[in-house]
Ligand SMILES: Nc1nc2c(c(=O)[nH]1)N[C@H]1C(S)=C(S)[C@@H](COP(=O)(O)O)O[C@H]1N2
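Just one chain is shown here, as C-alpha cells, and it is the form predicted alone.
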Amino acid sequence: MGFQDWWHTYDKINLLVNRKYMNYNQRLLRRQFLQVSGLSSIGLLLGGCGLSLFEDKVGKTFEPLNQRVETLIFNPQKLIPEFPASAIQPEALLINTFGDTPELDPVTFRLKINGEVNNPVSLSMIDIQQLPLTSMIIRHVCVEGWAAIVQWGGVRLRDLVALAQPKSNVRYIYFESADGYYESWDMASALHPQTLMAYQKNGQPLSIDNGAPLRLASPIKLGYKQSKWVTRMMLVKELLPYRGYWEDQGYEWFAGL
C-alpha cells in the first residue's frame, strides 16, 4: 500500500494498530541500543543535514533519540536572524524536482486542511491572500550542500492552522503536494513564526518551478522539508508509517537547522 492509500484512508486506520506498531518499534530500538551501546556518545547526535555519521543501522537506531535531542534544543519562538535585501541571491536557488512539474491553475486551486481538526477548511488563493502577508529574507539550505538567500512572502503557517481549529492532541502535520511528494513536520516547527506558506519569491509571484501557487518556506528546516505545490495539510496526533518521501529512504526526519 502506497502513501496515497494511507493518506486517503487515514480516518479508517485502527488507532490500536498504530499504537502496537509504535510500541513494537520502541522495544526493537531498545534492543538495538543495547547492541551498540559501546559506541562513542558523539554518535547520539546525527548530522543536521540528514547525513548519518555511522552505518545505516546505527543511524536508524539513534534517530528517535536524535529527534528528542533536537526537539529539546529547538526553541519554537526564537526568531532566526534575517538578511538585508542587498544579500538576496536571485540565481542561487536551484530547482530540484521530485517528478514532473505539476500544472496548477491558481484560479481553481484549493488548499485543504483537515485531519484531527474541528473545522476542516478548503481555501482558494484569494482566501489565502486576504490573510496577513509576511515577508522574510532567509537562507535556504539544501542537504546537497548548496544554499541561497531568498526573500519569501506569504502567510504564516500558524494562521492557516488556526483556521482549521486543531484538536488539543495534534502533534504532527502532513503536507501533500500535487506532484505526489509528501512530508511531515512536528507542530512546534510548523507553528514557528517564520514558517510560511509562500506565494511570493523575491517580491514577485512564485513561479511554477519554485512551487506555485503555494510552497513551504522556513529558516529552521532543510530544503527537503519545504514542500512545493502543497495542496493539502493533514493534522494528526501520531505519525503514520509513511513520514516523508526522503525520510522513508533514510534521510533524517527532524532535519532542523
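The first residue of the shown sequence is 1; numbering continues from there. From a predicted model like this one, the values you see are computed outputs, not experimental measurements.
Beyond what is shown, the protein has a form predicted in complex with the ligand; the following relates to that form.
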To verify the annotation, which of these, 151, 177, 134, 184, has a non-hydrogen atom within 4.5 Å of the ligand in the predicted complex? 177
Proximity to the ligand in the predicted complex, single hit among 94, 162, 79, 170 (heavy atom within 4.5 Å): 94
Is there a heavy atom of residue 226 no more than 4.5 Å from a heavy atom of the ligand in the predicted complex? yes
Report whether the minimum heavy atom distance between residue 140 and the ligand in the predicted complex is within 4.5 Å. yes
Given that the partner is absent here, does residue 194 sit within 4.5 Å of the ligand in the predicted complex, heavy atoms only? no
Taking any heavy atom pair closer than or equal to 4.5 Å as contact, tell me whether residue 215 reaches the ligand in the predicted complex. yes
Which of 140 to 148, 115 to 123, 82 to 90, 162 to 170 sits within 4.5 Å of the ligand in the predicted complex, heavy atom basis: 140 to 148
